[in-house]
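Take a look at this single chain in structure tokens; it is the form predicted alone.
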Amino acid sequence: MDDRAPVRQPSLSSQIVDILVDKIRKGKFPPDCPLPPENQLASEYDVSRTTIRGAFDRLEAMGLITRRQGVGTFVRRTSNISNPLNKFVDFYCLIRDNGFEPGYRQISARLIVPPDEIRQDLQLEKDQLVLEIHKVFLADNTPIIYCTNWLPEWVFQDFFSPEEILLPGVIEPNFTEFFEIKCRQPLKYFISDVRSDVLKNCPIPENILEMEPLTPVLIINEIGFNEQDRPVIQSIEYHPGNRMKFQLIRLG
């Protein structure tokens, strides 16, 4: 059985986000530069103002722009930092920004009673289920990031059936859109625990990442919270080797 995600056309809002992010990161819209008005961008890209407004909402959530009431929308000074770890890291953008063509494959998905540690981290009762997903992200068709997600059932149960939520392509590649739009649970912030190890000590299937057992691995264990400060996802990410570049913003 081929469990690769089907090819899905990204939403118009996602396409506009990709275009504007690319222009910001390439300096076409430098820090403190005002972005064109919504109606101008809507006309330029032949979309509705609602689509542009949705794209602006996502850019603001990503920390790339700021809105000044009555003045306009401006690029933030930190926007030239490609992947700050104080924000959600979009793997597709991360891989693309490091010079590769991004891809995705879902390894497995199931609804389970979570282990006690996951249950406690997600603040769940003993009888509550979680969606457990194992997946891999690709760079030029080569597996480069292995990731496991745990999502509480209450997050998606009003929007997806138990059968639908297991299908590849439901959550990725539009991860943020899945929470914000499909489940109405915008991600407010993440709390991350970062450590390093070597590949042979990581619970990654041997046929997923074809690298030497002593390859260094960056491990990020993080919990994402909604606007009510309730945990809505826990992830463990494994980043082997040195092909991906991260940058960290620390505020004094």
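C-alpha atoms forming the largest set that superposes within 1.5 Å between two forms make up the rigid core. From 1 onward, residues are counted along the sequence shown. As the structure is a computational prediction, the values presented were derived from the model and not from experiment.
Absent from the display: the form predicted together with the DNA. The rest refers to it.
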| item | value |
| --- | --- |
| Single option in 36, 63, 186, 30 placed near the DNA in the predicted bound form, where near means a heavy atom within 4.5 Å | 36 |
| The single option of 106, 149, 73, 174 touching the DNA in the predicted bound form, heavy atom within 4.5 Å | 73 |
| 4.5 Å heavy atom contact, residue 51 and the DNA in the predicted bound form | yes |
| 4.5 Å heavy atom contact, residue 67 to the DNA in the predicted bound form | yes |
| Residue 46 within 4.5 Å of the DNA in the predicted bound form, heavy atoms | yes |
| 4.5 angstroms heavy atom contact with the DNA in the predicted bound form for residue 234 | no |
| Options 210-218, 38-46, 195-203, 22-30; stretch whose heavy atom lies within 4.5 Å of the DNA in the predicted bound form | 38-46 |
| Large Cα move at residue 35 between the shown form and the other one, threshold 2 Å, rigid core | yes |
| Residue 184 C-alpha moves between the shown form and the other one by 2 Å or more, core aligned | no |
| Rigid-core frame, C-alpha of residue 71, shift of 2 angstroms or more between the shown form and the other one | yes |
